[in-house]
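This document opens with one chain alone, in structure tokens, the form predicted alone.
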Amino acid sequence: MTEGQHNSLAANASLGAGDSLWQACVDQLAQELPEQQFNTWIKPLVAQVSDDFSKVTLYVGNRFKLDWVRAQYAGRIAGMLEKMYGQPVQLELAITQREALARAFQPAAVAPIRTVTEPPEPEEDSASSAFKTRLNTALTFDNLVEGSANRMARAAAMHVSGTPGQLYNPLFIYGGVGLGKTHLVHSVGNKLLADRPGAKVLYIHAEQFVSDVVKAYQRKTFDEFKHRYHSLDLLLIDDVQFFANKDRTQEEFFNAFEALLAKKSHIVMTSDTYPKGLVDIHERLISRFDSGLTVAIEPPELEMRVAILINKAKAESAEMPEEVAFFVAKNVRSNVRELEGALRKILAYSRFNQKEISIQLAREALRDLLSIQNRQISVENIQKTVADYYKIKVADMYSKKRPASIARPRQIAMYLAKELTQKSLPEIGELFGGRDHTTVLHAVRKIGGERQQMTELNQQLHVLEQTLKG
């Protein structure tokens, strides 16, 4: 086992050995997967690990979930377990039994692994069961840090929660992974229910809507399905890009959309791109998405990242000094989820080593992340990578030439330099032929704005970022 794998398990030293292996895997998946995917499919899994770590059995609630986890996540989980343990690990999936579930939660011993032959627990039918909101009551406007990156989206969401069914219907919120879209939509639902406890509010991930359509189709229960969705006062739906290529799902969502708007109910949706950037979605559905207010959430600026770290540390009953928060925020720039992952590493490292949180401790806890950044990403490397990608000379990056074929890649390189390095605007300008910092600022704002609107540019930037990050 490598030192990194050992440290990953050591952070969970208070758990049993088998539990530590699985918990380390869960922690890694929490950082890599969108929050709702993780909460829906990974978090409910119960693991049994054999004494020699050679076999891990995951218990899943029902047959549909078992098939989905096997198809979507099993290969990834198996590879992750093997990497963490350092040797091959056999992964099996089984449907939960009540007694098997109870044994799995007992820390004293690992339950014997055996094939589950008894019928599964009855599955809750979302079309006919008692109404549930699926809201996470911990996600509210009060604990959502506000900054320029989310100010407009937050203001629109608060307006919807106060006066649903009126302006901004539908409200379409888009942005990259881990920027707080899910927190925002839960906040809308929780605020509305606080004001109107009798309101019918439902939060759902697009994958669950797909699942409900499949079940209604299999069981011929579309009347119950329609009654559930068409009777809502507020529908909050995450990651509508998952509707791509699912014609029947799109048809049913269109019908629900029309029914809810007709009765002046409100719809709030999130996506990883703006409506017209969605692919393999019917045009009439995209036109509905774009008919209300569309607003972006952007990566948080430095001060907002600092505030997020301090607030989340407090929520974990820990105190993060401001200078440590600034150090972490300067080195973790992409999204809130990566900030949370960095914070978890620092807190685990602090508790395991029984040391106070300091810049030195944060540097040690995040050494893998920092070494990758320091080794691979420099302004010079960005200039070379962008020049190669757009087939221009590296010298053109700091020349005075201004044709579009050169000026455009130069602006993209300036944008990436600001996003991926710790250089200030004047420092970046100096490395681009002694240009003024206002020139760099213009490029950063221009490319950042166009990225939200132009799918092709966003894809190009994504390729460049992945190339630079290795």
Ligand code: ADP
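Numbers for residues come from their place in the sequence shown, where the first is 1. Values in this document were obtained by computation on a predicted structure and should not be read as measured data.
Form predicted together with adenosine-5'-diphosphate (ADP): not shown, discussed below.
Exactly one residue in Gln166, Ser148, Asn353, Asn143 has a non-hydrogen atom within 4.5 Å of adenosine-5'-diphosphate (ADP) in the predicted bound form; which is it?
Residue within 4.5 Å of the partner: Asn143.
Just to be sure I understand the contacts: of Lys83, His159, Lys312, Arg363, which is the one whose heavy atoms reach within 4.5 angstroms of adenosine-5'-diphosphate (ADP) in the predicted bound form?
Selected option: Lys312.
In the predicted bound form, segment of 86-94, 285-293, 300-308, 391-399 with a heavy atom within 4.5 Å of adenosine-5'-diphosphate (ADP):
Among the listed stretches, the partner-contacting one is 300-308.
Taking adenosine-5'-diphosphate (ADP) as it sits in the predicted bound form, is Leu202 in contact with it (heavy atom to heavy atom, 4.5 Å or less)?
Contact with adenosine-5'-diphosphate (ADP), no.
Is Glu340 part of the interface with adenosine-5'-diphosphate (ADP) in the predicted bound form - any heavy atom within 4.5 Å?
Yes, Glu340 is a contact residue.
So, in the predicted bound form, is Ile346 in contact with adenosine-5'-diphosphate (ADP) at a 4.5 angstroms heavy atom limit?
Answer no; every heavy atom of Ile346 is more than 4.5 Å from adenosine-5'-diphosphate (ADP) in the predicted bound form.
If we define contact as a non-hydrogen atom of the residue within 4.5 angstroms of the partner, is Gln383 a contact of adenosine-5'-diphosphate (ADP) in the predicted bound form?
No, Gln383 sits far enough from adenosine-5'-diphosphate (ADP) in the predicted bound form that none of its heavy atoms falls within 4.5 Å.
In the predicted bound form, which residues of 175-206 put a heavy atom within 4.5 Å of adenosine-5'-diphosphate (ADP)?
Contacting residues: Gly176, Val177, Gly178, Leu179, Gly180, Lys181, Thr182, His183.
Relative to what we see here, could you say if Asp27 and Ile310 have their Cα atoms closer or farther apart in the predicted bound form, with a change of 3 Å or more?
More distant in the predicted bound form, by 3 Å or more.
Distance change of 3 Å or more between the C-alpha atoms of Gly341 and Met84 in the predicted bound form: closer or farther compared with this structure?
Relative to this form, closer in the predicted bound form.
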